[in-house]
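Below sits a lone chain in structure tokens, taken as the form predicted on its own.
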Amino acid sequence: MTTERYDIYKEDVAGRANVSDTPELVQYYKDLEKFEAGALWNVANKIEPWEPKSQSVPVLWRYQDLREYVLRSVDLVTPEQAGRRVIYLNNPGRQDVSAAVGWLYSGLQVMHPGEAASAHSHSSSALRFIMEGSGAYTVVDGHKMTLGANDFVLTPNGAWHEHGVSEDGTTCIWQDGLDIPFVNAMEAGFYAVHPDLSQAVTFPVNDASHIWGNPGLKPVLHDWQKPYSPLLKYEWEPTYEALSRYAKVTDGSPYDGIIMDYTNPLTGGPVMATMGASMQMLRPGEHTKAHRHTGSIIYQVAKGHGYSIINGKRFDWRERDIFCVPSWMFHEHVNGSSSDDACLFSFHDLPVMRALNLYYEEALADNDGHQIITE
């Protein structure tokens, strides 16, 4: 026979809830339950922990393991049947909300030449990072963008968008990143399918890059009133060039090496309100120091190989692998090459953390800032 306990979270610490069960109190709690109520002191220490305790766990998804299964989906379902033919990444600690880490979703989408997914819109913000193939494109509210490997493209919330691969292209795979779990937690999710299943391209192809992608220059004759970046597409070549030039004149971050944020060219802020993105370079042989912060991050290896240590566990990665760092877990990165740089793309929920004044960061003080590998 088991006895129901209400005091399992009590702590013998001044200022914390420390109430032990008595027969009288247990009956009192049961009476409260009849009215869908309860005593705060029984759950206060649980719902207000001393520090963040992520339900997510660090995970490394190896591209060489997943690629075969992603490609097999092409023979099993069509884009029309699936809506979006995606294999999503399911963190063991977040399976209840289909999240890759924290409140972030990630998946691998595949399309053959000539295929297209129907146009749709949703409350969630989304981004794509191209992993392989040629001829991919995205259309956002009439703006069509052609995409190559390591290009990064936005499909902001509320915008009509669709994806496809041109007839003369090759099979393409890209990573989708969305804030679906966050939007659902806010109970704010809407979804709509375009009445024509496709939208007209009403602007010159790649116009967003030509108008807004010129460093330090703002077009005079174009206005943009939407709450996300007008650039929409961030190409790999100028991004890598910017990192390489920056590396010549800075020591970089002790925790992230040479790191640059993708930004809204009008505001200098994050590309979207709920998700930000960054690209960082680890110079040959570089081993960063460990730190931790609130907010969750999903990394994709854009170039090179190496490993990261997350809460004492080593994760070896190479190009196109994806891994996650949950909130408030120490992490550091190591470039495995002594002669070439490595680059990590990442997207994260740090804009939310900062906007709500919830961002906090801490460096590892012990062992000269490096974690001891425990597993």
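Numbering starts at 1 and runs along the sequence shown. This structure is a prediction, so every number in the text was calculated from the model and none was measured.
What comes next is about the form predicted together with a further copy of the same chain, which is not displayed.
Of the candidate stretches 165-173, 299-307, 132-140, 96-104, only 96-104 has residues whose heavy atoms lie within 4.5 Å of a further copy of the same chain in the predicted complex. Contact annotation: residue 14 falls within 4.5 Å of a further copy of the same chain in the predicted complex, judged by heavy atom distances. When contacts are judged by a 4.5 Å heavy atom cut-off, residue 289 does not count as touching a further copy of the same chain in the predicted complex.
When a further copy of the same chain is considered in the predicted complex, residue 314 lies well away from it, no heavy atom lying within 4.5 Å.
Contact between residue 219 and a further copy of the same chain in the predicted complex is found at the 4.5 Å heavy atom cutoff. Shown here without a further copy of the same chain, the chain has 180, 182, 183, 184, 185, 186, 187, 188, 189, 190 in 174-190 lying with a heavy atom within 4.5 Å of that partner in the predicted complex.
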